[in-house]
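As structure tokens, one chain now follows by itself in the form predicted on its own.
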């Protein structure tokens, strides 16, 4: 009878160690993802090296759901470039094309005007009240590449948060319960 109790305790101990091992593996995966993200921030010079196009304002060049890769260099911003910028008072960055650049000769400050390719008007209505131009500190980065439609999962999870929690829970459960 004693050997049965010892066997059960041994099995419980193995299950606990395996569960602990899987939890450590999940932590390592999350830590690796964070390290990769921070590394990309350092390499690209952009606070957000990857963004998803959320609207149709840049069609036909970029579709809703496309993922853009950003880089922020010291080179001057020129008309025709596609930039991602933040507007004071808005949480979501905007992806639009630079249509006009004005540089003050006396101070060297650069003022930028943008417009979505699919929009009829420039972006002044999107800027903060009383703001007519973007400045360099508003720019998060320049688009240097893209993957079409890969960002749809992000859009779905943003628009339907319950799906996000189901997917995250399922992935976490899969990692914890896997036998590898």
Partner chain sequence: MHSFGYRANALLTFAVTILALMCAMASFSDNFNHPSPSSSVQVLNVNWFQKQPNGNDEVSLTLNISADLQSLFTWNTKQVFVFLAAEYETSKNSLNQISLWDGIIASKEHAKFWTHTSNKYRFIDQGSNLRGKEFNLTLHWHVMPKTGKMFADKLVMSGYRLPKEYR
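Numbering follows the first chain given and starts at 1. Computed from a predicted model, the values in this text were never measured in an experiment.
What comes next is about the form predicted in complex with its partner chain, which is not displayed.
*Asks:* Non-hydrogen atoms within 4.5 angstroms of its partner chain in the predicted complex: do 80, 117 and 146 all have one?
*Replies:* Every residue of the spot touches its partner chain in the predicted complex.
*Asks:* Taking its partner chain as it sits in the predicted complex, is residue 101 in contact with it (heavy atom to heavy atom, 4.5 Å or less)?
*Replies:* It does: once its partner chain is placed as it appears in the predicted complex, residue 101 has a heavy atom within 4.5 Å of it.
*Asks:* Even though its partner chain is not shown here, does residue 111 get within 4.5 Å of it in the predicted complex, heavy atoms only?
*Replies:* Yes, residue 111 is a contact residue.
*Asks:* Do residue 97 and its partner chain come within 4.5 Å of each other in the predicted complex, heavy atoms counted?
*Replies:* Judged by the heavy-atom cut-off of 4.5 Å, residue 97 is in contact with its partner chain in the predicted complex.
*Asks:* Residue-level contact is defined here as any heavy atom of the residue lying within 4.5 Å of its partner chain in the predicted complex; does residue 152 satisfy this criterion?
*Replies:* Result no; residue 152 lies far from its partner chain in the predicted complex.
*Asks:* Go through 121-139 residue by residue and record those having a heavy atom within 4.5 Å of its partner chain in the predicted complex; state none if no residue qualifies.
*Replies:* Heavy-atom contacts to its partner chain in the predicted complex: only 133.
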